[in-house]
Ligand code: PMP
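This document opens with one chain alone, in structure tokens, the form predicted on its own.
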Amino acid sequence: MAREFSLTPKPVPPVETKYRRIQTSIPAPVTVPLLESLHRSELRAMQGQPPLVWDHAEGFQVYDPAGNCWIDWSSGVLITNAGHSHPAVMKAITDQVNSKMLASYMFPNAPRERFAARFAELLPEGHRKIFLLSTGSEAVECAIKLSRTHGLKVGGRKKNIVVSFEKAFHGRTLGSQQAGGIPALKEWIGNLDPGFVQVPFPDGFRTPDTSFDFFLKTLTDLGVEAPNVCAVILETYQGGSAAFAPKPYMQALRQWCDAHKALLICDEVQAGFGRTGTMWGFEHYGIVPDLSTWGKGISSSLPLAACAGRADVMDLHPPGSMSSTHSGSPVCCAAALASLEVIVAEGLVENARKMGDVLHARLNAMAKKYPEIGAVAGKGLVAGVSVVKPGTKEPVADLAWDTVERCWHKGVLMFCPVGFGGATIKICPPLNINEEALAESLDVFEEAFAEILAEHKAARSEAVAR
């Protein structure tokens, strides 16, 4: 369960380095009236992150109105792959705004054509039909609709089961949450669609059995017959843990889907556009899915998403029967094209791979040093650090949350712990971070973790002494 952060400014040690600056209490006193106003006007669910008022952000740094500066390990929420406020992205947005072409619904516009054509050009052969949308959840809903439509076409009404994975997150709309594998997030639904089933995700930590035979056994145990499966959907890596499936597992899954005329869907909302050290996350598996869903890092800025895939599946519905009010917004598409070209031209995919090697080497060294780190997962510039009770897989949320809060006080910003009871610390800086800043922020992370761990042990000892 998410914790609530206090709005009372807390004195913290000052920080002044090349990449970080903390010169006020936290949160900065000047920002408290704005924070209090938001608490009055917004729903409580929006209060789940550290109360840091973003004034502006550049590259891999975030600033508040008081001049404090953080190294950003959040990328918003894996949005700013090309970096915050990249000049090329900003110019594309302002040029498009100044052109007086802001919205056109489904009517064609040139920015939409340019981005769709460039995106399709970079996607694998046979996976180049695109539907532009507004959010990742909307893209997942589209993929579910296409999957069930395809199932109906090739197998009749019984071929409507969507298989997904435990602990998966696919969005917050009705269909995407039913495809998700986090029971607490769908308790509100009440009457769950029996056509959605979940199987264990083969992460090798929480699910030790990573064999494809375990997938088949689980389907049998659930009473699912292979001919009735219309699709299998999974996050390319699980958002809550940053864990990837084994490559042989994914290749076996690809073959199984082909054999049973089921569509394989890779949810690339968090993984795409260079994040994992390859342009598309599914490249790590040596496969091409039938459908893919995209969002977050697609534009490094404005709301845009996409569903992409095979032409015969994408074109199942006739003209006018699938639309989205802001589909392919010209301003968002201009930003997305600029971001994509920056990622390619500036070598950010390769930088993500190189910096990812640095990141994961350091985190794995920490895991050997601290038994409270149960697993480190991810590739490229995404990592998940699972915080556990030593010798077990039991999550320890307080240690994870307190570490993230202490990092915030020291000038390194992350979003709150996710997955496994709020005990997985997610690390995902913009793809343009340099090695010096990454090393500095890793030093801060280890320092904060060690401090919080020592404080927790001291508190337990004191409690026992009483």
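All residue numbers refer to positions in the sequence shown, first residue = 1. No experiment lies behind these values; they were computed from the predicted model shown.
Not on display, but discussed next: the form predicted in complex with this ligand.
Problem set entry | Interface membership of F169, this ligand in the predicted complex, 4.5 Å heavy atom rule | Result yes; F169 sits at the interface with this ligand in the predicted complex.
For this session: Considering only heavy atoms, tell me if S75 and this ligand come within 4.5 Å of each other in the predicted complex.
Result: No, S75 is distant from the partner.
For this session: Evaluate K296 for contact with this ligand in the predicted complex, applying a 4.5 angstroms cut-off between non-hydrogen atoms, and reply yes or no.
Result: Residue-level check for K296: yes, a contact with this ligand.
Exercise. Hey, in the predicted complex, does S327 get a heavy atom within 4.5 angstroms of this ligand?
Worked result: No, S327 is distant from the partner.
Exercise. Which one of Q270, S339, S241, S147 is close to this ligand in the predicted complex, taking close to mean a heavy atom within 4.5 Å?
Worked result: Contact residue from the list: Q270.
Problem set entry | Position in contact with this ligand when the complex is considered in the predicted complex, options T135, N228, Q96, Q198, heavy atoms within 4.5 Å | Contact residue from the list: T135.
For this session: Within 4.5 Å of this ligand in the predicted complex, counting heavy atoms only, one of 261-269, 245-253, 284-292, 312-320 shows up; tell me which.
Result: Only one stretch passes the 4.5 Å heavy-atom test: 261-269.
Exercise. Mind listing which residues of 217-236 have a heavy atom within 4.5 Å of this ligand in the predicted complex?
Worked result: Read in sequence order, the lone residue that approaches this ligand (within 4.5 Å, in the predicted complex) is E235.
For this session: Once you account for a change of 3 Å or more, let me know if K186 and V418 sit closer or farther in the predicted complex, using their C-alpha atoms.
Result: They are closer; the C-alpha distance drops by 3 Å or more in the predicted complex.
Exercise. So the Cα-Cα distance between L453 and P417 shifts by 3 Å or more in the predicted complex; is it shorter or longer than what we see here?
Worked result: Compared with this form, L453 and P417 lie farther apart in the predicted complex.
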